[in-house]
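Next up: a single chain in structure tokens, the form predicted alone.
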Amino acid sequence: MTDVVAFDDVLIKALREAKNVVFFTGAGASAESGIPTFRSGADGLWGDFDMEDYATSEGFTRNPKKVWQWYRDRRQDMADLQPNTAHNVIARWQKKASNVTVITQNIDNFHQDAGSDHVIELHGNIHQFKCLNDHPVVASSVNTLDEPPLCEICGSLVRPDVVWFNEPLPQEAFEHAEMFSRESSVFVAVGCSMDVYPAAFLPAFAASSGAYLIQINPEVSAFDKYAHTLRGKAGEVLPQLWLAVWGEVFS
């Protein structure tokens, strides 16, 4: 049975009257779809795989075929998974209200699959590709290959268009994320650990401009002392929040 979450009047008023809303999602938002989080430990992806081998440019240089096949296998694993209720509520929120922006640390494309049409991807997208010189590559031509092809423009190896450890975030994406965070009147963090930087700076940017901060998270995070925290899974809390704000059952 889903726990009923209590919402206070200040929170509901803030969302109803918000001129600009940001939904900022992390690994916890997609975990309910069956995608393991990327944290270390028994229930995290890097509990089974060495990130130095599979999620660094050095690992790709050492063994590009091994890394390429690993990401191909991850895409195949995702093929049977779907966006969950959290993604669907956020997509509907974009349709219901004006000026709603989605910023995500996830690489699974689930926000777009659910129907969101303004998504800033801070860490890339596992279904997209680029070469080592950043030329974009058509996904349909390389998605299922057994080893990385060469870029038709410059001849360098093609890699997944995701941000690996020790790589900077895409400059344009982060600049847009910072801008929308600073312009937000309500900033909602969903399933974020708040320990991955520089993405974790975004709530501070929002707060500096006076935004009302909300967190939806079943786990304790560093954001607890700054935000109005709704403790629970996103797929359970967001439909209740939808009902409280819009007065209609989400279905």
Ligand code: BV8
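Residues carry their position along the shown sequence, with the first being 1. Please read all numbers here as calculations on a predicted model, not as lab measurements.
Another form exists, predicted together with the named molecule; not displayed. Remarks below refer to it.
**Request:** Would you mind picking out the stretch of 202-210, 216-224, 178-186, 57-65 that comes within 4.5 angstroms of the named molecule in the predicted complex, counting non-hydrogen atoms?
**Result:** So the stretch in question is 216-224.
**Asked** Within 4.5 Å of the named molecule in the predicted complex, do we find a heavy atom from each of His123, Gly191 and Asp195?
**Response** Yes, because His123, Gly191 and Asp195 each have a heavy atom that approaches the named molecule to within 4.5 Å in the predicted complex.
**Asked** Should Ile107 be counted as a contact of the named molecule in the predicted complex, where contact means heavy atoms within 4.5 Å?
**Response** It does: once the named molecule is placed as it appears in the predicted complex, Ile107 has a heavy atom within 4.5 Å of it.
**Prompt:** So in the predicted complex, does Asp113 come within 4.5 Å of the named molecule, heavy atom to heavy atom?
**Reply:** Close contact is absent here: in the predicted complex, Asp113 is far from the named molecule, nothing within 4.5 Å, heavy atoms only.
**Request:** Spell out, yes or no, whether the shortest heavy atom distance between Pro168 and the named molecule in the predicted complex is within 4.5 Å.
**Result:** Pro168: contacts the named molecule in the predicted complex.
**Asked** Does Arg74 reach the named molecule in the predicted complex, with heavy atoms at most 4.5 Å apart?
**Response** Yes, Arg74 lies within 4.5 Å of the named molecule in the predicted complex.
**Prompt:** Out of Val137, Ala173, Leu157, Val162, which one falls within 4.5 Å of the named molecule in the predicted complex, going by heavy atoms?
**Reply:** It is Val162.
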